[in-house]
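The chain below stands alone and is given in structure tokens; this is the form predicted on its own.
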């Protein structure tokens, strides 16, 4: 029996297949939904890459009429190549989901009531929630007898204190409209908390951690004694760090200005903040950190500026979160940028000796996750960790499925 894990995004779907008994990975896959002319309009093609733990990598173009059909077709390939079948059934499906609000703060079995809760928050995460609901519907169609389990990115922040999640706005906005800081990337931050404790050989309950999840979407969390005490993302995934195409934290007066004085309609502002800002907006070149590093090295001034703005915000955030914790035992870098960019880690840690952070330049350049990159005498350790959201989802899906079966 297997556990299928789905991580649905607006333009791609990552999935992984795990053995139910051992949680060993049997295959990973990526469904690229940008390969065709216009999937959103119900036409075009998608590209599937499937990497079994044993055997050759499979790549295939899928003729599909839309997102739902693309996911169903990709799951059909799993059956076609024998990774799931009547002899090797999918026992449970686990989904990474973005927002459960205050109603859902732990892994849950997905039913119509849970779907309705998810749907209520679509306007807060428009790039993620519709995709997640489509993926749920597709996996229900492909595996009608397998229970569906959801892990919510907001769940890890259930114990953040009110001082950290209440905005300085009329309190009625929180009471009546639910406007508060929620935090996101919780599944990644939860995994890194466990993995950092394992790497340091100490219980998580003894550690003060700052975890920087840096990728196309980015956030940082302060973790004290294994519990998140604040996260840089807020009411929506727009707040906090500068990101690939998202702006991160900006002066709200700017938004009022461009609407009032420049006549920018709210729909265009929404698109700009989500899809035309961040690294792409500043550089005018790309949202891909690797491409910007190459362009900056070749002399592209705005690519260099975008990297500098990004690094400045990472460094400033690390400092503020260490202050919240009152000290630091380890700084963790994870996510596509955090794990792979030695330049970002080096520049973000430069000058942080006052916080007990000393990066070893050679370790930073040579070692790959999972690794301790700190200098030998550094009071705080600096860890690069390959995040395993899929493993966390598989583990919790197994727990809920086993409990339901019992």
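Here the structure is a predicted model, which means the values were calculated and not measured. C-alpha atoms forming the largest set that superposes within 1.5 Å between two forms make up the rigid core. Residue numbers count along the first chain shown, from 1.
What comes next is about the form predicted in complex with a small molecule, which does not appear here.
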Of the candidate stretches 97-105, 154-162, 209-217, 74-82, the one with residues having heavy atoms within 4.5 Å of the small molecule in the predicted complex is 209-217
Exercise: residue 229 in contact with the small molecule in the predicted complex, heavy atom 4.5 Å
no
| message | residue 378 versus the small molecule, in the predicted complex: is there a non-hydrogen atom within 4.5 Å? | response | no
**Q.** Contact of residue 333 with the small molecule in the predicted complex (heavy atom, 4.5 Å)
**A.** no
Please check if residue 290 has a heavy atom lying within 4.5 Å of any heavy atom of the small molecule in the predicted complex. yes
Interface check vs the small molecule in the predicted complex: of 31, 357, 373, 337, the one with a heavy atom inside 4.5 Å is 337
Once the two forms are fit on the core, has residue 128 moved its CA by at least 2 Å between the shown form and the other one? yes
